[in-house]
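Presented below, as structure tokens, is a lone chain in the form predicted alone.
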């Protein structure tokens, strides 16, 4: 992966992703514009999660390369988060983990509270993380990602298991991120999310990735 001075926040150049010798998607040559919500959709097993993991450097490509925009900072919420729910921390403290080390405590706390409020959980901030429902824990982790100083936020089925009202709060927060000029990469199977929040919808078909709106890839 290389960081480049580019108008795109993320670029694929001949990118091929998969496992071992099995190709799931590619080769791809695509640009992702900054300041938008880019949704990635496709059938189960089509390679959506593998693609985003490769895009942010958690998995090596089989071929080609990923280029991140200049000074790219990435925040990621996977499908399954390995955070020990028995940790003696509050919801607010979990969100604060997304802030830079060494930041003033008052600033860190204020930013974390704002992020929790953005996903509709400010009232639960003092509750132990372990006592929250599964959907609430997921929203806390989304808030942690929002709270980080990232200009590329990647969510892999992050609202799966979250009720409709809470999902709406998350989508509204995503729109706020793009108004700040940040970019969101959203893997989802929820069709209503596309109408509510996606600026660009990328569809995995076969081994290709096609832009459903605003052009093609």
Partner chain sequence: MLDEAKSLFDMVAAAVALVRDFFLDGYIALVCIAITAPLLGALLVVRRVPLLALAVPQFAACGQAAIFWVFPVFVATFSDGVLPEPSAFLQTVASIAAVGLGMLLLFAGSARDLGSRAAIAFLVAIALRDVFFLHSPYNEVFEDLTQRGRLLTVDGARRNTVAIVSALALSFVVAVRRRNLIAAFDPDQARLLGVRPGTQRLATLLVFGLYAAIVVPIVDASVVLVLALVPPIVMRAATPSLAAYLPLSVGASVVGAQLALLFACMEGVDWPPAPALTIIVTLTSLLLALPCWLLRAHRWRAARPR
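Only the largest set of C-alpha atoms that superpose within 1.5 Å between the two forms is called the rigid core. As the structure is a computational prediction, the values presented were derived from the model and not from experiment. Residue numbers count along the first chain shown, from 1.
Separately, the form predicted together with the partner chain exists; it is not shown, and the next lines address it.
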(request) For the three residues 58, 78 and 87, verify that every one has a non-hydrogen atom within 4.5 Å of the partner chain in the predicted complex; reply yes or no. (result) yes
(request) Would you please decide whether residue 111 lies within 4.5 angstroms of the partner chain in the predicted complex, comparing each non-hydrogen atom pair? (result) no
(request) Look up in the predicted complex whether residue 134 has a non-hydrogen atom within 4.5 angstroms of the partner chain, and give yes or no. (result) no
(message) Can you tell me whether residue 122 touches the partner chain? I mean in the predicted complex, with a 4.5 angstroms heavy atom cut-off.
(response) no
(message) Even though the partner isn't displayed, in the predicted complex is residue 117 close enough to the partner chain, meaning a heavy atom within 4.5 Å?
(response) no
(request) Please determine, with the chain shown alone, which of 167-175, 49-57, 182-190, 32-40 has non-hydrogen atoms within 4.5 Å of the partner chain in the predicted complex. (result) 49-57
(message) Going through 97-115, which residues have a heavy atom within 4.5 Å of the partner chain in the predicted complex? Please give them in sequence order.
(response) 97, 98, 99, 100, 101, 105, 108
(message) If the two forms are fitted on the core, does residue 73 show a Cα displacement reaching 2 angstroms between this form and the one not shown?
(response) no
(message) For residue 145, does the CA position differ by 2 Å or more between this form and the one not shown when the superposition is done on the rigid core?
(response) no
(request) Please say whether, between this form and the one not shown, the C-alpha of residue 135 moves by 2 Å or more once the core is aligned. (result) no
